[in-house]
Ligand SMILES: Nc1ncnc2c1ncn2[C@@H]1O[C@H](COP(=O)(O)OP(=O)(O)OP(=O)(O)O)[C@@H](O)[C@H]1O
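Presented below, as structure tokens, is a lone chain in the form predicted alone.
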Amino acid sequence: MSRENRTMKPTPLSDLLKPPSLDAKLEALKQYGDLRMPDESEPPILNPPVREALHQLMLELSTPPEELALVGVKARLRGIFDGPPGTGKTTLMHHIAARLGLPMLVVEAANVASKYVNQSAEQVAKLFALAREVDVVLFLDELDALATNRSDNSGSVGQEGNKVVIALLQMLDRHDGMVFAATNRRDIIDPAIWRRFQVQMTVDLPEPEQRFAIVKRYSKPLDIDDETIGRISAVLEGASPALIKNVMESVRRDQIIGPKLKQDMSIVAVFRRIAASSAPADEGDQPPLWARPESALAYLADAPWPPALPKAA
């Protein structure tokens, strides 16, 4: 048997010491939350004051620094959105990041907080260290879970919470990238943390025009008459965009599943089923569909129905 001599080439030291690729760094960030890419964003439907403030912020962030320097200011890279749950704060920030062509990491408090003493503050430091290596927008969801008012409590829980707030303050001061946050509880956020955010924007429940647009958006691809959209919007007065989306997804789902079960497919029957399976949280006033179900269903009864289904591909 003949033997073949092969020359083994050593791997260059430079190859062994190559830094991790951009994709690997982005992948590493996923341990702290949900990484959302620009092409996954959806334009938010906002009340007029917030929409105007958003347009100004987006233009500010895309304005060359030298232009802002003429009047002695810089673009604001820190912002916090507060407001009721489900009003689209994350969607809003994802849209801003996408318009700037940047991925966004939705940081979840549970992925940063640790049951072990001192480790939560260390996780905050590691998160920001990773973020410094890539061009990514950090979005601290439920900031109140990480940055509550510092406590005088000498117990381990109070001291650990204080360390997290201090670490977060230090990282916000050192980080030169974009950091935004969302909260439903601005009243319990440490004041020093709040002051680090130059933009403070309240994202409230949608007004009638915006609620109509949200119902219409999430009715697609069903072909629902505008009169019906208006009536559905009315019985969902006071609902958050997240609840409206859930209701309209249930409507679409019901158009396929209901006939298979030989259920009543009138609009009253459809929304009676949805009201029974999509109850909102007990926060504030309930939308009419749940607060006054019989009158809400009676109001829907005269709407044009059923909607046209899309044609199968």
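In this text the structure is predicted, and so the values were computed from the model without any measurement. From 1 onward, residues are counted along the sequence shown.
Omitted here: the form predicted together with this ligand. The next part is about that form.
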query	finding
This ligand: the contacting residue among Glu52, Asp264, Glu67, Glu42 in the predicted complex [heavy atom, 4.5 Å]	Glu42
Contact assignment for this ligand in the predicted complex, among Arg99, Lys163, Arg217, Arg196, heavy atom within 4.5 Å	Arg217
Stretch from 71 to 79, 87 to 95, 220 to 228, 172 to 180 whose residues place a heavy atom within 4.5 Å of this ligand in the predicted complex	87 to 95
Partner proximity in the predicted complex: Leu46 to this ligand, non-hydrogen atom cutoff 4.5 Å	yes
4.5 angstroms heavy atom contact with this ligand in the predicted complex for Asn111	no
4.5 Å heavy atom contact, Arg272 and this ligand in the predicted complex	no
Contact test in the predicted complex: Gln119 vs this ligand, heavy atoms, 4.5 Å	no
